[in-house]
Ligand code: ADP
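Okay, here we've got a single chain as structure tokens, the form predicted on its own, with questions on binding and movement later.
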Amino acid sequence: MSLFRAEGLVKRFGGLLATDHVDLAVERGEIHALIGPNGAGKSTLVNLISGLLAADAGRVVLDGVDLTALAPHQRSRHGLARCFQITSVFRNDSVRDNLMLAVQAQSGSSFRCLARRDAEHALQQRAEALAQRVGLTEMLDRNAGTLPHGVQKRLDVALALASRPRLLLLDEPMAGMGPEDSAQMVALIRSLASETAILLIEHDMDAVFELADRISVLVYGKVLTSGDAAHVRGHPEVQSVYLGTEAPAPLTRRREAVR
């Protein structure tokens, strides 16, 4: 059985059918990329999966648990975490405090008014381990808002990892990054596959083809095709969608905004 399944997800906005009975599965240990042109329904689908939108039909199942009726924070407790395109760090707090708050929220560690948060040794250790995991050990005492964009993105990933997710939704993690930061994020995402399954929504097709075990192409709210990089590159309809060609042409690896 797949770790995660979206089954027949439908979302309508008035007369617009944004997702049309979408089926999508993510396997354990898999990096599964979701791509598609602008207006394909990717953002709507991810919002349905994470619980920010309620589906009109269909269901979402993670590790055998039906999450369809649950709020986003309840889905998080069952192992679903999400990183948004825009980072959600506390900009005026240090990296350490950001991580400790995330660990505290997920661990149930006390908020006792007579106990210093930094005195809880296990909390400190977990926060420092997360910083090391994403390469931020040397930046623990810096204010998150002063970090470069790419580093803030890695902090955002660490905040999501605090919940020890079974499935991590990464929404355009390479957005706005230069080549060096993108390479570091690609390496980080690849390393995470041993800890959690990943559903990746990304414009950078170089990163998609490098990272994804499987790629699903969403067009007009439907999954057009799903397969490995070679399958997607050679699919005639994918060629037409992305290149606007009547006769299929090679879908070369390139850095191109395709959402």
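In case it trips you up, residue 1 is the first one in the sequence shown, and so on. The model shown is predicted, which means the values in this text are computed figures rather than measured ones.
Below, we turn to the form predicted in complex with this ligand, even though it does not appear here.
- Candidate site formed by 186, 189 and 209: none of these residues places a non-hydrogen atom within 4.5 angstroms of this ligand in the predicted complex.
- Heavy atoms within 4.5 Å of this ligand in the predicted complex are found in exactly one of 228 to 236, 35 to 43, 22 to 30, 190 to 198, that being 35 to 43.
- Using a 4.5 angstroms threshold between heavy atoms, residue 18 counts as touching this ligand in the predicted complex.
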